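The form predicted on its own is given below as one chain in structure tokens.
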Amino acid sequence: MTQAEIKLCSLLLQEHFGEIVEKIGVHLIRTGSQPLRVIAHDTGTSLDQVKKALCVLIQHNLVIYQVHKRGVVEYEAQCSRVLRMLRYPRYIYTAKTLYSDTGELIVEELLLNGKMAMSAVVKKVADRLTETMEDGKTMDYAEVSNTFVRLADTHFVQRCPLVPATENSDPGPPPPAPTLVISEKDMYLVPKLSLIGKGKRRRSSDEDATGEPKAKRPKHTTDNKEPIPDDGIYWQANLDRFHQHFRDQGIVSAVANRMDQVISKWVGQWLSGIFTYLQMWPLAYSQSQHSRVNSDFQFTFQTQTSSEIVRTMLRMSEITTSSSAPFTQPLSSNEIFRSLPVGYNISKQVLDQYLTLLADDPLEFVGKSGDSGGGMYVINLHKALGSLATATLESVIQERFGSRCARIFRLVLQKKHLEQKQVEDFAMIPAKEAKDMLYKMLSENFISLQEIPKTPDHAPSRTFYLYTVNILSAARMLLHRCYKSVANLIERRQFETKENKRLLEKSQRVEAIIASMQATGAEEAQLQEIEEMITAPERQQLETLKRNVNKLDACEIQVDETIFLLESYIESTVKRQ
């Protein structure tokens, strides 16, 4: 665990849960697993506050516990899970893209609360959607429930482990901590609930939903409270499934950039040459034939065909393939052809040509694993992540050191091992410049130097010095820098907000006054007078602050995309070693 990761975890915990939870969480990250009383003693926090902080962290899957042989319960922080909080906006946006506003709010509620029962999520989301609708319109519970079922069917949400029934029925003394288990077949099993109702709008504090004042409402005893239909069955967001979706989107985008643009350009030049040649013989090639041939070729070579084929293969394998698997499940050409989107008009012959083209590509995103069913094809997820990580490193080198350094980096990567003189000759760069560029990348740990001595004494005059690229170590170095960058961005955003805290509070008060006056039907002149409470310089300062904060937020999301790519590559490589 590096200091950059600990600092980023500290900032994320403080921003989401406050100082006490941040103090306990960072202490566990630094020290490892510890029992309750040791945590309270080392942090100087009261036992009650430590218990509440641990409850919050366990609720959000940021801390796990285990019982040792002596019966002592120890708590351990999950640093990788804490860092995923940085990706919450991306999870929510993905749910909105795939399942509209309803899916967005379901995932948002699960992320904000950690674990929730399905009935509670459905009612909360229905109420929130009803608040945004026009008067007289409401959101039905059944519609929200259907979206929840779709999220479970595609594994974006999953059930939390439960205490087994045998443990509850054991007559002996209870264990120090419960053991939670769940079978894989029950993880995405949605209980059959008959949720009937519609979302409710929030009323004022003095009235309930029927408009009846509090004083006139009859008091209900707690005995009449209806039992929750799915009591004890809790759900959480399946972050690994979201990561699998992000990985698939990155692979599809890479295939589109590499294959489809090249094919479109090549086909365009080829057709242009053919049509120019045929138009030289007007008697043998009429205008109607030109139009028909042109439309046929456009029909055959549609743009984005390669990426659409890869997207179809990934969509077919998204549930059957584990998120950590190096390959997708083998798919036959016939299965892929039947699963292409409706209205995507390409023939089986053209599909086979594209699959062959993808399988023969040097990057080897797609591989052929057999000949049955018209040919069996898989997507090599590990090599795809390796290619994406390499492209990221090349992009960083080009932005920091220039195109010549990027050329040297690609050359050393391709040739595996090169001496300095060989780098100068192959890259066609003067010796002095090549030496400076190599040493610059060597000092930044983008490339490494390997010594091969001719004699046991390692004398410099009798030693070969070869430059090489270790993608794994370079990716780890870049990942560490990304963690530091995100921590700096969060600190800068917090500084900007703190410096303008008084102005932000004033703006919020003015907006609240205007909203309440609009609700009571105030005149335009009165509203204008309230708006003038914020002067022109203050308004300009607010606009500048908003623009700066938006830029910092966008930078956080962009750096997190690089973090996700590097983390995925490192995890995939370590598992294969």
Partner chain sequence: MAGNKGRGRAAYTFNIEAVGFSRGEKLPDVVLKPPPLFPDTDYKPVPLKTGEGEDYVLALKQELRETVKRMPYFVETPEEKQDIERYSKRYMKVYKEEWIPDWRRLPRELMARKKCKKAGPKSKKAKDTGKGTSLTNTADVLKKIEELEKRGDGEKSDEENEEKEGSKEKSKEGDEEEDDNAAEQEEYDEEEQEEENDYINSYFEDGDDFGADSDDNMDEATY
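Positions refer to the first chain, counted from 1. As the structure is a prediction and not an experimental result, all values here were calculated from the model.
Below, we refer to the form predicted together with the partner chain, which is not included among the displayed structures.
Student: Which of 542 to 550, 525 to 533, 511 to 519, 24 to 32 has heavy atoms within 4.5 Å of the partner chain in the predicted complex?
Tutor: Within 4.5 Å of the partner lies stretch 542 to 550.
Student: Could you tell me which one of Leu180, Leu413, Ala391, Leu442 places a heavy atom within 4.5 Å of the partner chain in the predicted complex?
Tutor: Selected residue: Leu180.
Student: Quick one: of Arg258, Arg247, Arg311, Lys124, which gets a non-hydrogen atom within 4.5 angstroms of the partner chain in the predicted complex?
Tutor: None of the other options qualify; the answer is Lys124.
Student: Report yes if any heavy atom of Val38 sits within 4.5 Å of a heavy atom of the partner chain in the predicted complex; otherwise report no.
Tutor: It does not: once the partner chain is placed as it appears in the predicted complex, Val38 has no heavy atom within 4.5 Å of it.
Student: Just checking whether Lys51 would be counted as a contact of the partner chain in the predicted complex - the rule being heavy atoms within 4.5 angstroms.
Tutor: Residue-level check for Lys51: yes, a contact with the partner chain.
Student: Are any of the heavy atoms in Lys115 no more than 4.5 Å from a heavy atom of the partner chain in the predicted complex?
Tutor: Because a heavy atom of Lys115 falls inside 4.5 Å of the partner chain in the predicted complex, the answer is yes.
Student: Spell out, yes or no, whether the shortest heavy atom distance between Tyr75 and the partner chain in the predicted complex is within 4.5 Å.
Tutor: Flag for Tyr75 set to yes.
Student: So, a 4.5 angstroms cut-off on heavy atom distances: do all three of Ala4, Pro362 and Pro537 pass it with respect to the partner chain in the predicted complex?
Tutor: No: none of Ala4, Pro362 and Pro537 comes within 4.5 Å of the partner chain in the predicted complex.
Student: Using a 4.5 Å cut-off on heavy atoms, which residues of 7 to 29 contact the partner chain in the predicted complex?
Tutor: Residues within 4.5 Å: Gln14, Glu15, His16, Phe17, Gly18, Glu19, Ile20, Val21.
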